[in-house]
Ligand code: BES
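A lone chain, given as structure tokens: the form predicted alone.
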Amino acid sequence: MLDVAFVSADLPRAGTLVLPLAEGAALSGLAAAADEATGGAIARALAAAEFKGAKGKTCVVLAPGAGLARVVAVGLGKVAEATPRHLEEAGGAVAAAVARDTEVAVAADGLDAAQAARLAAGAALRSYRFDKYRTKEKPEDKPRLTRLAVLARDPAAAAAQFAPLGKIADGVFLTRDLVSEPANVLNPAEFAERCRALSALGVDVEVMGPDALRELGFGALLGVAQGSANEPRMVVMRWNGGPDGARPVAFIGKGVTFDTGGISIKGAAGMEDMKWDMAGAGTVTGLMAALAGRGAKVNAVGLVGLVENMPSGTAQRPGDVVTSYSGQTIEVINTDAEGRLVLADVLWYCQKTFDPVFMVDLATLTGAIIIALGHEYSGMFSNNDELSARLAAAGVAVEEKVWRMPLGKAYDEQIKSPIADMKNVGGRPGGSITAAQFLQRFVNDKPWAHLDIAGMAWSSKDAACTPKGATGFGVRLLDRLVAEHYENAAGGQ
């Protein structure tokens, strides 16, 4: 992660100076001092570029004098719009603009401690890069920014405000790392080992292998895994930051480390993207790291079902009937609708074992949700209005938006089976809805929300705080949900 240091607000004499400027505001503080030191070069350059401080706009002044290599002005927009999210986006613009620089200072003397911390958090989030497998990249093509000095009025206060935000960013980066890994590296066993590493943060981690899952009766999950040489795992991660005995909040992730579709095999074009069919499990893992890292005062449990879906002589066939952990039977019509089978067993285990306050599951579950919502919103399905409203508000606050989709008994007709309790697909109409309707049969009326993140886990373009690639979607959303509503003396009950 980018090394962020909060230091006293003294004008630097070398390197790159970043000036966050509100729309229409005159140069003041360090910005005015820098302009005076450069003989008015900064003000002249901003005027020539017609830079007025509009949100997201930048202006670069090369070699303005006073020893500075560059000055980068970043627009904050109108003062009234300087919300935490907008400040993070400005920080993201900073990181993008100075990625090739080595010595960078941000003049945050015009911001209070919380605002300076948010700006730095946005820069940290935008600075992420997954390059562990690049061996021949030219030095000039690599970002050089490793440290950001934030010139603050009260460095200690700003550092204290930044500390939990930095831990949340660590969780986001863990999720992005997991989602970015190729499937020949990140199989179920390796994923489980990376979950074990959270024990260093105080998370209690339990890994269940195939024998334990068979003994439990996880017939739906094991059916998906039976075609692969890589055996399945279920990982249970517990963070006990709330009162002893308080019921936990629960998060469940689909972890298909590679999805060929099984016998119902996918087309070859784009199949390489199926390495990130474990993004739901990646989010849950990153979230648990974030909660533990910042010492969240809540009891939380994260469960991930980890499988690889492969075609082979032992693979599950269309038409097979499996018995889930709940005892309900499922006719498998399409082996490429495997994520809901994995989640079925893990959801039932979660509500039965932990009696949580609520359950939120995350999964790259259906292509249908991308057709419905594109890449702007995650689809949200829920049996609880309060939980849905809280998730929607949290999503707006951190720019990880969710859109509530319908559920209803009429959709159950599509997943009726002539020989079992249900079938795993209901045809093309309402495909993401019937998938959620299937999952609802395994929550046993526990307050629950399902987030279909198929359109949000990976991005082909840069965003304000997210470089293209794995997004880490859901970590900040769910951390915000916990912090605002369930992190209190009652442990979220």
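Worth saying up front: this structure is predicted, and the values here are computed from it rather than measured. Residues carry their position along the shown sequence, with the first being 1.
We do not show the form predicted in complex with this ligand, though everything after this point is about it.
- Site annotation in the predicted bound form: the residue of Thr366, Gln316, Ser228, Ser324 reaching within 4.5 Å of this ligand with a heavy atom is Thr366.
- Only one of Thr102, Ser312, Asn334, Asn240 lies close to this ligand in the predicted bound form, with a heavy atom inside 4.5 Å, and it is Asn334.
- Although this ligand is omitted here, in the predicted bound form none of Phe218, Met234 and Lys352 has a heavy atom within 4.5 Å of it.
- A residue is said to contact a partner when one of its heavy atoms sits within 4.5 Å of a partner heavy atom; Ala436 fails this definition for this ligand in the predicted bound form, lying far away.
- At the 4.5 Å threshold, heavy atoms of Val425 reach this ligand in the predicted bound form.
- Residue contact check for Met274: one or more of its heavy atoms lie within 4.5 Å of this ligand in the predicted bound form.
- Glu338 belongs to the set of residues with a heavy atom inside 4.5 Å of this ligand in the predicted bound form.
- Screening 116-124, 290-298, 253-261, 145-153 for residues having heavy atoms within 4.5 Å of this ligand in the predicted bound form returns a single hit, 253-261.
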